[in-house]
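Next up: just one chain, as structure tokens, the form predicted on its own.
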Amino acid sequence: MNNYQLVGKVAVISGGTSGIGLAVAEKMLCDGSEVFIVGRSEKRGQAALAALNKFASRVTYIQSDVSTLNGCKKVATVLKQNKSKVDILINSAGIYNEQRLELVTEAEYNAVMDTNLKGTFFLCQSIIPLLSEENATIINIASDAALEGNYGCPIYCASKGAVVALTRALALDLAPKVRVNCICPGDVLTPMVQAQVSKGGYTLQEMAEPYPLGRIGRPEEIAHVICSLSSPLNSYMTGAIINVDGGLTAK
């Protein structure tokens, strides 16, 4: 146990079947939480349950596509059926698009915005009525690209920049009962980043070159920060935008 003081807490993690979301689920389960992982792929959901098998009594997979309002409402419906009061909501579902502005199609725009921004917005809307009365917290996952921009991915930058602004707005609207914070990771070795590298025609070593620490992140490193921020020990933090990026935005 890492002693985040999350014993008995109920956490909902969108994008919880792989990458950062799955790493968060494992750490929270190790710390004694009950966890609902949300993802649209039944295959990945079952694989995640298998990976978390030793915590089988405290982990539940919800098959749902949070890029739609109905998908977000479905998550809330399942939680109500389980009579679960939610302590922690992690909005980790996200997709990446590497495409110059002049080549972006409306379908590409919609896919990124619907998952990264609309999913975060409407999952918050759907889950907020279920949040516990004490020490409830929402953590959104943005990106270093939300803060400084990046080459060749304007839709992604726009979607994650909006998540940062949404975080600040919700921190004000939901205080003092609910804390809302945002994590901005740099590149992390997840299936999404591996697909990005494969499609982009460059290597992980080349991706790591701009980082002062000389490498990209690991999912468990980002998960540790998320779990720490979820802890009641951080009960004075809200509206914070936290970089976890190997020094990338320090330059």
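So that there is no doubt, residue numbering starts at 1 and follows the sequence shown. Note that the structure is predicted; figures quoted are calculated from it, not measured.
Not on display, but discussed next: the form predicted together with a small molecule.
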item	value
Partner proximity in the model of the complex: residue 17 to the small molecule, non-hydrogen atom cutoff 4.5 Å	yes
In the model of the complex, residue 51 touching the small molecule (heavy atom, 4.5 Å)	no
Non-hydrogen atom contact residue 224 with the small molecule in the model of the complex at 4.5 angstroms	no
Partner contact for residue 65 in the model of the complex: the small molecule, 4.5 angstroms, heavy atom	yes
Partner-facing stretch of 92-100, 126-134, 170-178, 76-84, counted where any non-hydrogen atom is within 4.5 angstroms of the small molecule in the model of the complex	92-100
Check all three, 156, 185 and 193, heavy atom within 4.5 Å of the small molecule in the model of the complex	yes
